[in-house]
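Take a look at this single chain, the form predicted on its own, given in structure tokens.
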């Protein structure tokens, strides 16, 4: 019985990896992914940082949080509706694997994409601006958990039963913009009023930015273990709505 359970776990992991590898090969270079996942965070950063007296380390910390947030959350709302329109997603739902395995694999697609784009931003900071990383292990842990959390957030919109990516890109983008402006990315938490700071604590991006400040600058306002715990918890919580939405869609025949 134990061997059979281990074999099932191995089979599920193998299936998840096949989906991740397929999506990386097929979807990463599509215009929608490049625009919403790669170019937008860089445009946002440069538009808000121009003419600001900002140290290189501070700029890299903010850019890492931005790229992770926008890139990871862009995958689900783009890939899943597109696959529904092409008919390939229905075949995945009918495959002999659990729904959780499918959703985790889609989450991993966005997370891997975000970590790859963030690695490019980090390399530019290290090579061009000579930035030093205060706590590399915290940077690695923060990148993984932030990418997982934000990709799971995007998966909520990707799970809306539609075959048109445009139907979910607009609400997804609006939510990301809202979270961006209430988070401590462009205005540090220490400079916020009490009310604005309480609102910022609702956004997982606040904790990702605080974690990047710890990793790159060596100091931030919150405890880094709190940042890691909140990002992990938010990622797990964001997986619950997609599970419910998929099961509901099956019951309604979507």
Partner chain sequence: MNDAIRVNNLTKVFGPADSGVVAVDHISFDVRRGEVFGFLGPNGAGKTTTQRMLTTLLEPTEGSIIIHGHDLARDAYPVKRQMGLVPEESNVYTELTAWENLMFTGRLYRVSRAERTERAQHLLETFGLWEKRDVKAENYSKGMRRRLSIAMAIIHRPALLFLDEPTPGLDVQSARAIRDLIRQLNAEGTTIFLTTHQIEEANQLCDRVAIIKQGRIAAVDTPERLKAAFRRVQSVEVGLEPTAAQVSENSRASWAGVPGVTTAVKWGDKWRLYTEDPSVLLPQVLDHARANGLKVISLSTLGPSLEDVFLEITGQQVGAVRHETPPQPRQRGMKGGMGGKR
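These figures come from a predicted structure and were not determined experimentally. Numbering follows the first chain given and starts at 1.
Another form, the form predicted in complex with its partner chain, is not on view; read the next lines as being about it.
**Q** Although its partner chain is absent from this view, report whether residue 132 comes within 4.5 Å of it in the model of the complex, heavy atoms only.
**A** Looking in the model of the complex, residue contacts with its partner chain do not include residue 132, since no heavy atom lies within 4.5 Å.
**Q** Does residue 26 make contact with its partner chain in the model of the complex, using a 4.5 Å heavy atom cut-off?
**A** Answer yes; at least one heavy atom of residue 26 falls within 4.5 Å of its partner chain in the model of the complex.
**Q** Going by a heavy atom distance of 4.5 Å, is residue 18 a contact of its partner chain in the model of the complex?
**A** Although its partner chain is absent here, residue 18 would touch it in the model of the complex, with heavy atoms inside 4.5 Å.
**Q** Does residue 178 make contact with its partner chain in the model of the complex, using a 4.5 Å heavy atom cut-off?
**A** Close contact is absent here: in the model of the complex, residue 178 is far from its partner chain, nothing within 4.5 Å, heavy atoms only.
**Q** Report the stretch among 111 to 119, 87 to 95, 179 to 187, 72 to 80 that approaches its partner chain in the model of the complex to within 4.5 Å, counting heavy atoms only.
**A** That would be stretch 87 to 95.
**Q** Taking its partner chain in the model of the complex, which residues along 152 to 175 bring a heavy atom to within 4.5 Å of it?
**A** Only a single residue, 163, comes within 4.5 Å of the partner.
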